[in-house]
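In the form predicted alone, a lone chain appears below as structure tokens.
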């Protein structure tokens, strides 16, 4: 499987950059400066692949802005979406420190910027800074827990409850608005919630008919938040 190579667009040379707000708060100014100097900010267009399953792991990555999906392609070519990741979360996959290749693919749902730091530099800092190692483990554990929780929350609901939950997730967790452009297609929603595209389309139509949502292309407006929350809870 071919390695996806991107050209760095710009570098960060600041000491007080957003890395401080991730797991890097325990690093010295000197180490933060080193990371910021060598990290690469790589821009991806909507739909562009960031890395593929099987690509070698050479960088530790986090999402600076945009939105990405983590997924696996089945033997018959179907995508299984694992999770959707928002800015300032790590997107290196959970196997980044114990395997040589990615287990999942990653692509941009929106125009996105991913920051990449050489994995050997991160390993070196883990070895000589125990507090940094603990902070990094904590953040990675939280990321894994979020992935598991999203899957469990979706799968314990029926069809209408699953779609209601996903709409509330995008509204509350991603966009913080009742009106937003849905970053995934109906097919991708079906992949995420393990239902057929036909059922997803039918449920969206029912939500529109009942005045719960309005749609205009990919733009979603939640008209009745209370009813959508009830459907999600009871689903």
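As the structure is a computational prediction, the values presented were derived from the model and not from experiment. Numbering follows the first chain given and starts at 1.
Omitted here: the form predicted together with another copy of the chain. The next part is about that form.
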Contact test in the model of the complex: residue 104 vs another copy of the chain, heavy atoms, 4.5 Å: yes
When the contact criterion is heavy atoms within 4.5 Å, does residue 149 count as touching another copy of the chain in the model of the complex? yes
Within 4.5 Å, heavy atoms only: does residue 88 come near another copy of the chain in the model of the complex? no
Residue contact check: residue 138 to another copy of the chain in the model of the complex, 4.5 Å heavy atom: yes
The chain here is shown without another copy of the chain. Which stretch in 41-49, 186-194, 168-176, 26-34 comes within 4.5 angstroms of it in the model of the complex, by heavy atom distance? 186-194
What residues, if any, in 113-145 have a non-hydrogen atom within 4.5 angstroms of another copy of the chain in the model of the complex? 123, 126, 127, 130, 131, 133, 134, 136, 137, 138, 140, 141, 142, 144, 145
